[in-house]
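As a starting point, one isolated chain is supplied in structure tokens, in the form predicted alone.
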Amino acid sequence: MNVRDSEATEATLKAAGHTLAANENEADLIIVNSCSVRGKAEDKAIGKLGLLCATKRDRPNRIIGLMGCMAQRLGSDIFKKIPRLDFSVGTRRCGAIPFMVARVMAGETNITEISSPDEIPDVPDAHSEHGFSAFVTILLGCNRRCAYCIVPDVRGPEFSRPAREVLAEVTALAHQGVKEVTLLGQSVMNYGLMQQVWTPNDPQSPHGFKEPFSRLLEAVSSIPGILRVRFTSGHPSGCTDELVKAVSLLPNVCHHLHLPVQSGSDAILSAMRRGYTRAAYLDAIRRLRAVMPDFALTTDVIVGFPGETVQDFEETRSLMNAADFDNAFIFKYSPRPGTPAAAMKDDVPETEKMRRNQLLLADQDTRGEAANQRLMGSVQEVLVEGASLRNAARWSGRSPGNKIVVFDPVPDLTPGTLAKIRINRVAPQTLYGEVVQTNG
């Protein structure tokens, strides 16, 4: 979501007459897009801003700005932490940035804008020039109020964009050559539950879907030129029978979902206010894979939440084994100011948090390699991305299950095309293979 916000900001600044600098040193304007989900993310942003603002001693006309969640959380207090900062813009305000830059260029400084919960969000549909893949925001904010999470405070309540706006944005992207779109929302399957996103004049669902998100998936996947549709992030409550049916019936909707679990212990899930039980989470997975055995699942897990016992942790380990995740992102708990969990005693020692973190990482490596071993000899349809980040002599792309596939390029193969790759080697997070067919 921050990548999308940064891209929208770049596009609006270009439209206002600014040009992209070749690198940070050459830039006259630098904006740090911040995240508040963990304390470490804020610490890194503050450190970077301090270094950037220090360069103004030699370059007094350089403009340094802050945007995003930390700007929203701290408001005008950010200028006490970073005195030379020129401006700060909160969430849902990407479109205001060119005007704030103009104000700084006119002589103002230390100016800030933050959004209020009751205002209609500013959601720019502008995209930078890019290749074949794009992010499209469909839902902003979150209403879930998990005990550890600051997102509802900094990104506001849920707001779903009208379906017509989303479809117009995706259609424009398809005309620009985009082949893959990822629909974004903090709890993306809640799309359309708080606002009326479809009107009586909109076309009815050919498959008879009634739920707003299933209807949107169907409509986006039918846009000419769009080869793949992804969506993130999910919540088990969104895995309805209709959603499962939609993903299974729509051929270009990828069989992959990022479905954060956070814990496998009912006691900890309740303390976290996650809104589901261990059994309900595993049932959502069962229903997805009963219809789509190839369905790939990734997740987020927090270790060391207040009150987490060794038994709670072992229940998380056993759930992760039962779920057979393709990948997992594992975080040590850190309190966020103002959240209910921040008032709880942070009683798991840091050394124990690290031990649990390392155990889950090792478990996931074992699971990931076993899952990938099952794909040895298979042919995967890969959306080609281009040169591999680690070895420019080889190319890479992603399978429908969002697995990275590395292969030797062949003549006439270009980024944005589909290629069939036979897998001949695997690692815990990567597949390797050879091109057996290109689809153009």
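Quick caveat, the model's predicted, so the values are computed rather than measured. The numbering used is simple: start at 1 and walk along the sequence shown.
A second form of this protein, the form predicted in complex with S-adenosyl-L-homocysteine (SAH), is not displayed here; the remarks below concern that form.
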**Report entry** Within 4.5 Å of S-adenosyl-L-homocysteine (SAH) in the predicted complex, all of Thr137, Arg161 and Ser214 (non-hydrogen atom)
**Finding:** no
Query raised in the report: Which pick from Val37, Cys53, Leu413, Ala371 sits with a heavy atom within 4.5 Å of S-adenosyl-L-homocysteine (SAH) in the predicted complex?
Result: Val37
Report summary line: The one residue among Asn357, Asn110, Gln186, Ser128 placing a heavy atom within 4.5 Å of S-adenosyl-L-homocysteine (SAH) in the predicted complex is Gln186
Query raised in the report: Would Arg278 count as a contact of S-adenosyl-L-homocysteine (SAH) in the predicted complex, using a 4.5 angstroms cut-off between non-hydrogen atoms?
Result: no
Query raised in the report: Is the gap between Phe79 and S-adenosyl-L-homocysteine (SAH) in the predicted complex 4.5 Å or less for some heavy atom pair?
Result: no
Query raised in the report: Taking heavy atoms only, is Arg336 within 4.5 angstroms of S-adenosyl-L-homocysteine (SAH) in the predicted complex?
Result: yes
Query raised in the report: Ser233: heavy atom within 4.5 Å of S-adenosyl-L-homocysteine (SAH) in the predicted complex?
Result: yes
Query raised in the report: Among 299 to 307, 162 to 170, 81 to 89, 281 to 289, which stretch has residues with heavy atoms no more than 4.5 Å from S-adenosyl-L-homocysteine (SAH) in the predicted complex?
Result: 299 to 307
Query raised in the report: Listed by sequence position, which residues of 366 to 398 have a non-hydrogen atom within 4.5 angstroms of S-adenosyl-L-homocysteine (SAH) in the predicted complex?
Result: none
